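Starting off, we have a lone chain in the form predicted on its own, written out as structure tokens.
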């Protein structure tokens, strides 16, 4: 316990002034996040991407004809998960011959059953029939499929609801972006890190490989794959986009590693006998990651555009997978059905715009030279 000093005259001396604590400086990522949040357009785009993620995860609960959860013959089931993977639907509904129509069959085959239904009773793969859902008419088809209160974005030529297709197509759009750029990031960061840190012959070989891959057009490679592989899936397209979209990431990573490999903390790690793989991925990579995030973000937007272009040309996600580009393709031959062009086209435009705005925001937030004065 600290006591105040007492003078000989009996007066109590004031305690010495306490020095002000130094202002705690933010770390690089905390400062980058603070700068990013100051950019309203970038934050709006960031929130809209999270909104798309929520829509993709909750797609079966937003639009569908399968119960989210139901109690049938004393057991709980989650039929809506079949929208993510058909094998996740319990075989009991096939054995009891539901034929994908749940509302009436549940009560008919088990009067004590109950179910929680999606917000909109519309299916992305088939047309809703008359009387299937109480008070809801049959989906119109052909030229009669304009937007109405039961079909918010209208229906296509076959009478399938466009809103349900777009909601479930969000999953494909996000998967294409994140999976393909996940593959590209893994390849690009690894190639760029090894080439930039080791230099010499490793740099020469890996740089030549990067230049060769840059000369390969992604669309041409995907079309060639479609001609070779008997049954292509959306995963094949993601793999091709990822295996050809890593070059810009590798070049940026290489430049950052060339700049950082002679830094003091790297020299100290070498002196302690730390191996080069640990130095690359444990010490240098966190400091070189900021500029690499920007091309990754732009790459996600590019991947969505590539998949949409392929689907528009009829080479994208195979049926019955719903895709925004596939909807555009169906509207190409039916230009008078404006709802098949406006809604999916707007979704593609806004998603790509959001990723581009996030990329620009990241670039400005992580590069002090691009920040506004006074911020």
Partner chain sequence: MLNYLVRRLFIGALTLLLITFVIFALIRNIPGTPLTVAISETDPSRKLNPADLERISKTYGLDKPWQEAYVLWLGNVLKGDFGQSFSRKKPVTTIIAERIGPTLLLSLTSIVLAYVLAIPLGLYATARSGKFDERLTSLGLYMLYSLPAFVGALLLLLLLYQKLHWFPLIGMTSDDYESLTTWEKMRDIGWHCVLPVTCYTYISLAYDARFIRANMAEVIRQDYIRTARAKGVGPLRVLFVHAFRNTLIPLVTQIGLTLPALLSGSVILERIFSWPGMGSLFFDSIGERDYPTIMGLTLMFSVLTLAGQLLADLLYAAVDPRVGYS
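The shown structure was predicted, so the numbers you read here are calculated from the model rather than taken from an experiment. Take the two forms, find the largest set of C-alpha atoms that superpose within 1.5 Å, and that set is the rigid core. Numbering follows the first chain given and starts at 1.
Just so it is clear, the following notes concern the form predicted in complex with its partner chain, a form of the same protein that is not shown.
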property	result
The single option of 69, 61, 53, 41 touching its partner chain in the predicted bound form, heavy atom within 4.5 Å	41
Contacting member of 219, 290, 269, 239, with respect to its partner chain in the predicted bound form [4.5 Å, heavy atom]	219
Three-residue site 214, 305 and 348 fully in contact with its partner chain in the predicted bound form at 4.5 Å by heavy atom	yes
Its partner chain contact in the predicted bound form: residue 251, any heavy atom under 4.5 Å	yes
Non-hydrogen atom contact residue 208 with its partner chain in the predicted bound form at 4.5 angstroms	yes
Exercise: residue 336 in contact with its partner chain in the predicted bound form, heavy atom 4.5 Å	yes
Contact label in the predicted bound form: residue 224 to its partner chain, heavy atom within 4.5 Å	yes
Option from 200-208, 105-113, 128-136, 276-284 whose residues, in the predicted bound form, bring a heavy atom within 4.5 Å of its partner chain	200-208
Rigid-core frame, C-alpha of residue 88, shift of 2 angstroms or more between the shown form and the other one	no
After fitting the core, residue 131 CA displacement of 2 Å or more between the shown form and the other one	no
